[in-house]
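Only one chain is shown below, in structure tokens, and it's the form predicted alone.
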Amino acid sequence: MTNRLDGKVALITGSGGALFDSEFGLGFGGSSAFRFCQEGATVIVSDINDDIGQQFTEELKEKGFNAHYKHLDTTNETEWKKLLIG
């Protein structure tokens, strides 16, 4: 990998819906999160499925990547504000 995203932070919504060993694959969000990690980004995995999202984030960390999980329902403006502003 080229580490094109070294020093960058990426918030990827809908990225906590699958695990590496899932028979359905990672899906678009999970695949994007994994690729961003491979390119050196700090990735914030976000989803409404907290259990799988947190487990996927742990899998990324076990692979040596800098990843964090945050609950986010993208249809809820209050959750966006809470995530982005604090």
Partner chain sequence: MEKTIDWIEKDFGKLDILVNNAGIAIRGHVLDTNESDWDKVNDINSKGYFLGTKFAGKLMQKNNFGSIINIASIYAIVGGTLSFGYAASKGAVRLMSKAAAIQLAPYKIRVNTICPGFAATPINKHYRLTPNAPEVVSIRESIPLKGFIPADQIAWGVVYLASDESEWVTGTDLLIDAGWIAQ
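Positions refer to the first chain, counted from 1. These figures come from a predicted structure and were not determined experimentally.
Same protein, other form: the form predicted together with the partner chain, not shown, and the subject of what follows.
Undergrad: Taking heavy atoms only, is residue 52 within 4.5 angstroms of the partner chain in the model of the complex?
TA: The answer is no: residue 52 has no heavy atom within 4.5 Å of the partner chain.
Undergrad: Using a 4.5 angstroms cut-off on non-hydrogen atoms, would residue 68 count as touching the partner chain in the model of the complex?
TA: Looking in the model of the complex, residue contacts with the partner chain include residue 68, since a heavy atom lies within 4.5 Å.
Undergrad: Is residue 21 close enough to touch the partner chain in the model of the complex, meaning at least one heavy atom pair within 4.5 Å?
TA: Outside the cut-off, so no.
Undergrad: Can residue 29 be called a contact residue for the partner chain in the model of the complex at 4.5 Å between heavy atoms?
TA: It does: once the partner chain is placed as it appears in the model of the complex, residue 29 has a heavy atom within 4.5 Å of it.
Undergrad: Can you name the residues of 53-86 that have a heavy atom within 4.5 Å of the partner chain in the model of the complex?
TA: Going through 53-86 in order - heavy atoms within 4.5 Å of the partner chain in the model of the complex - the hits are 61, 68, 70, 74, 75, 76, 77, 80, 81, 82, 83, 84, 85, 86.
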